[in-house]
Every structure is written in structure tokens, then in C-alpha cells.
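Just one chain is shown here, as C-alpha cells, and it is the form predicted on its own.
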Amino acid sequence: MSLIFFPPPLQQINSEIAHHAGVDLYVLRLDLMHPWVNGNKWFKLKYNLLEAKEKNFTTLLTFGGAYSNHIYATAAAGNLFGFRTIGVIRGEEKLPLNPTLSFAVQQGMQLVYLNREMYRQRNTPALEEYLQQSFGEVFIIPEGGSNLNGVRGCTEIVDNAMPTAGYAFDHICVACGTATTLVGIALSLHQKQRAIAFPVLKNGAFLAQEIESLLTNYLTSDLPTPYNSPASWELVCDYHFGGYAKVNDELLLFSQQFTQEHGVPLDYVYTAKMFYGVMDLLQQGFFCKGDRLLLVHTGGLQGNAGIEERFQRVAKI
């Protein structure tokens, strides 16, 4: 299964902050891979789509919030590869649809809404059985593509940088939601490298248990891995800005200024928080002189339109 991608460029960030810290800073621009199915979303979907195709499923069903990058990408990928798609959306329907859900419908996705109490049961056998009874034989992809197929795809992310980089990086930094991307990256690194994840959820330290569980399950599976053990990894939990999808004026201003200075647009939910955190840590002397950092841009720019729309509505009140 293939998709016509633009090779993700590796872009150096010529920042005074990085210069004073004595650190080389690069961004892997996964956001430029494809107009719709880009960032870490393609890597998390790739082997799920392959399994669905191999098992002759015709319908994909997955989960997400109203501004979900995963819903957006699954709708597009399903349309591109000939799958019917169903998106189970957290909360009640709100009309008119926001830009994310409008796009999903345009791609042929059927939207189904679950109240928040039922949605919390999305990973239980009972809800899975209910969905199978309601929609027939569907291939279920968990929220965010957070399964072993998703991890397998994410082991390939850094490979997109290394052939063009000509050298290895000391630290690979990534925003963290379900931790699937972090796990895949940690499994793909040399032991002397370190993966640093910036949870976008409040009190994100709980993800450590999820990470250990995913690592154990993957390493005990028959799925391929570049190395027998993961590289070291770390969670930096201080840059969530209030929690998932929480955005304030400080983050908006940082994102806008970073884009103006370096030509790299950031999404407010994930990469803006990670980039903010990295720049702040550089000023604190968190990294050593001579370190080489790779910041993974995980895409998700489509969600900015919905967040900016929310800010505009609040401003009018």
C-alpha cells in the first residue's frame, strides 16, 4: 500500500536561543508529506490499512474528538484506498460542522456521536460488540491509531530523517498524546540516543505506564523492530498549557512568532507545545553543548482552523 508523498525535508532552525545553548536544532517536516494524510498519522494508519486490506474488510471504524487529526486523516486515507469509513465522535453533534468534521464528511465518512460516558468505554469488548452489531463487519482502529500496528509504523519515522541527515541526533523530541509515536521512535533509535516526549495532556506522567505496556506488548509480539530493546526515553510534563486542546494567548503568540521567524507553521494542540517546551528547556540549560536535536513535526495543522474559530467566537462574546 503506497501513497504519493513528498519526501519530508529536514530543516535546520537557526535560532539565537539554540546558538547560545550550543545546540544544533533540526525539524523533520512530516507535515509536508501529503496534503491530507501527513505527519505521524500516516505512519500510525499504514499497517492498520494493510491489515484491513489483507483481511478483506471494506469498512474502517475509528474514534476521535470533534477536532481530531486522526479522524481527518482516516477519512482521507479511507477515501484514497477505497474503504468506507465510520467516525465515532465524542460528544453531541453541533451544527454547522467544524472544518475537521466537514472535511471528514466530504471524504465520505459517516459520523456517529456518542455521549462522553459511552465514549469512555470505547476500548471495551462490550462497546466493540455493540458497534459490530450496529455496523456489521468493520475493522476497528483505536483512537489515534494507538495499537501495535500504529507502533510499527512509527518505528519508520526517524528513518525518514537519517538518510538525508548524514549523522545521528542525540535527542529526538516529539509531542505526546497516546504515546504511540514515542514508543515507535524509542524502538527505532540507537542505545546512545534518547527520545523526549512532551505530553499535551494535563498530569501526563500517567503515560509512563501506557508506554511501558506498549513497549512490552510490541517486543513480545512477532512484529519487526530495528533493535531488541528501546532507547532511553523521558516525559517532560510541564508544557501542556492546561490540558488537551487547551490553548492560551501565550501559546498562540509563540506559535505565530516561530512561524514568522523560521517558516515552520505549528499546530496548537501538539507541535506548538513541544516546540515551546524545547525552546524553554534550551534557555534553562537542559541540553548539553554540542547536542544535536531532532524535533518531529507531527502535522495536524488542519486543527488550527477550528481552534482559531473557537477563539473568534469567544472574542465576540
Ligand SMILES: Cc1ncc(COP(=O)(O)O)c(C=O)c1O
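Residue numbers run from 1 along the displayed sequence. Here the structure is a predicted model, which means the values were calculated and not measured.
We do not show the form predicted together with the ligand, though everything after this point is about it.
Contact annotation: Thr181 falls within 4.5 Å of the ligand in the model of the complex, judged by heavy atom distances.
When contacts are judged by a 4.5 Å heavy atom cut-off, Ala104 does not count as touching the ligand in the model of the complex.
When the ligand is considered in the model of the complex, Ala76 lies well away from it, no heavy atom lying within 4.5 Å. Proximity of Gly177 to the ligand in the model of the complex falls within the 4.5 Å heavy atom cutoff. Taking a 4.5 Å heavy atom cutoff to the ligand in the model of the complex, the contact residue among Asn48, Ser255, Thr62, Asn69 is Asn69.
Comment: 39-47 is the region of 255-263, 39-47, 280-288, 22-30 lying near the ligand in the model of the complex, near meaning a non-hydrogen atom within 4.5 Å.
Residues of 270-307 placing a heavy atom within 4.5 Å of the ligand in the model of the complex, in sequence order: Tyr270, Thr298, Gly299, Gly300.
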